[in-house]
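Next comes just one chain, in C-alpha cells: the form predicted alone.
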C-alpha cells in the first residue's frame, strides 16, 4: 500500500472513531505503519510523483512530528487528528510532486485542509485569525492561477519534468506563481496575515501551520523551481536576496516589541522564512539544497515544540504574555527547560539543530558569493538572541508570577520529548542530512 493511501485512508476512517483515546491510538498506528512503509520505499505511487532520498528523509520527519502533535492533543481536539492526517497525506504528495501541475494541485490541497484546520473557531480572536488566513490564502490562490494561465498562454507544458524556460512570458509567469507561494511562506510583503493568524488561532493549529505546512511548502517549492532559479541571471537572484533580508530583519525587529508570547513566536516564524529564502537566492551553490533541508528539519521540530508548550502554559496556567511567564522555571522547571532548549535552538545556539541549520544555509550563501546577505543574516541571528534571551530571563530570573504547577498529561510530555530528541539529534548528528545529497 502506498504512503499516500495509508494516510489518506486513515484520515477518512478517523471520524468514525468517537473515543478520543482510541482515535489517538488509531492515528499513531497509521503513522507507525506509514513509517514502516516509507522505510520499505513506499511513496505516493502515482504518475508525476517521485521519491528521492532528499524527500524520504523529510517525509520521515513529518511523520515523527505528526505523531508528537497527536500525543499532545486532548479531548477538545478530536477533529484536529483527522485534519492532521489529511495534511500529512497531502504533504507527502506535495513533497513528491515532479511537475508544475501536480505541485500546484497538491499545494492547493494543503491550503484547503489548512483552512479547514483553523475553521474550528472557539472565540472571536480565533475567528479573526482564521478570516485573515482565509483572505490571504484566497489571494495567493488567485495569483497562482493567474500565473498558471500566463504559463499556459506562453505555450509551456505543465507536465514537464523540469521547469526551464527561456522566454519572457514564461519567466514572468513562474515569478507570479512564486509570489503566490510566498504568501504561504510569509515572505515580505506577503507576511502580514501570519503575524495575526499564528498568534490568534489555537497554538496547536499554529504549530501545524507554521511548522509542518510552512516547511513542506518551502522544500517542495525549492525542488520544483530549482532548475528555473538556477538558470536566472544576477538580478532576480539579488531580488530574492533582498526579500530574504527584509523578511528576516522585519520579523526580528517587530518581535522585539511584542509582549504577547504568541506574537513573538509569530514574528520569529516570519524571520525564519527569511532564513529559508537564503538557499533560494544561493541556488548556484551545491550546498543550497542541503541548507534548506537542514533548516526545514530543524525548524519543524523547534517551532512545533514552542507552540505546543505555549498551548500547555495557556490551558493550565493562563500564561499569554511575558509578564505571565515570570518565574516559570521556579515552579515548573521541566516545561521551563523544554521551552528554553527549543528557544535556544531557534536562536542558533551550538549543539542544537538550529545552529547547524543556519550554518549550512549561511555557508551556501557564502559559496554563492552572497556575502552581504550572509553578513546581514548573521546580524539578524544575533538580534534574535535578544528577544529569545529576554523570554528566558523572564522564565528564570524574575520573581514568580505563575499561580500553579503544570500537572500535564504523560502523552503531551512524551510528545515534547520526541521533539526535543529531534532538536538535539540533528544538532549533533549532521551526517543523516549531509548524506542524502552526497
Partner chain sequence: MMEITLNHYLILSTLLFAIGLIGVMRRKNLLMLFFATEILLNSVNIAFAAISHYYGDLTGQMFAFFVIAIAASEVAVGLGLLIIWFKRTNNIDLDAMTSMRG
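Worth saying up front: this structure is predicted, and the values here are computed from it rather than measured. Residue numbers count along the first chain shown, from 1.
Another form exists, predicted in complex with its partner chain; not displayed. Remarks below refer to it.
Which of 93, 110, 218, 199 has a heavy atom within 4.5 Å of its partner chain in the predicted complex?
-> So the residue touching its partner chain in the predicted complex, by this definition, is 199.
Could you spot which one of 322, 143, 317, 243 gets a heavy atom to within 4.5 Å of its partner chain in the predicted complex?
-> It is 143 that has a heavy atom within 4.5 Å of the partner.
Taking heavy atoms only, is residue 75 within 4.5 angstroms of its partner chain in the predicted complex?
-> Judged by the heavy-atom cut-off of 4.5 Å, residue 75 is well away from its partner chain in the predicted complex.
Using 4.5 Å between non-hydrogen atoms, is residue 115 touching its partner chain in the predicted complex?
-> Within the cut-off, so yes.
Residue 238: touches its partner chain in the predicted complex, heavy atom cutoff 4.5 angstroms = Answer no; every heavy atom of residue 238 is more than 4.5 Å from its partner chain in the predicted complex.
Interface membership of residue 267, its partner chain in the predicted complex, 4.5 Å heavy atom rule = Looking in the predicted complex, residue contacts with its partner chain include residue 267, since a heavy atom lies within 4.5 Å.
Based on heavy atom distances of at most 4.5 Å to its partner chain in the predicted complex, which listed stretch, 150-158, 282-290, 309-317, 84-92, is the contact stretch?
-> Among the candidates, contact is made by 150-158.
Members of 104-132 lying within 4.5 angstroms of its partner chain, judged by heavy atom, in the predicted complex | Sequence-ordered list: 104, 105, 108, 112, 115, 116, 119, 121, 122, 123, 124, 125, 127, 128, 130, 131, 132.
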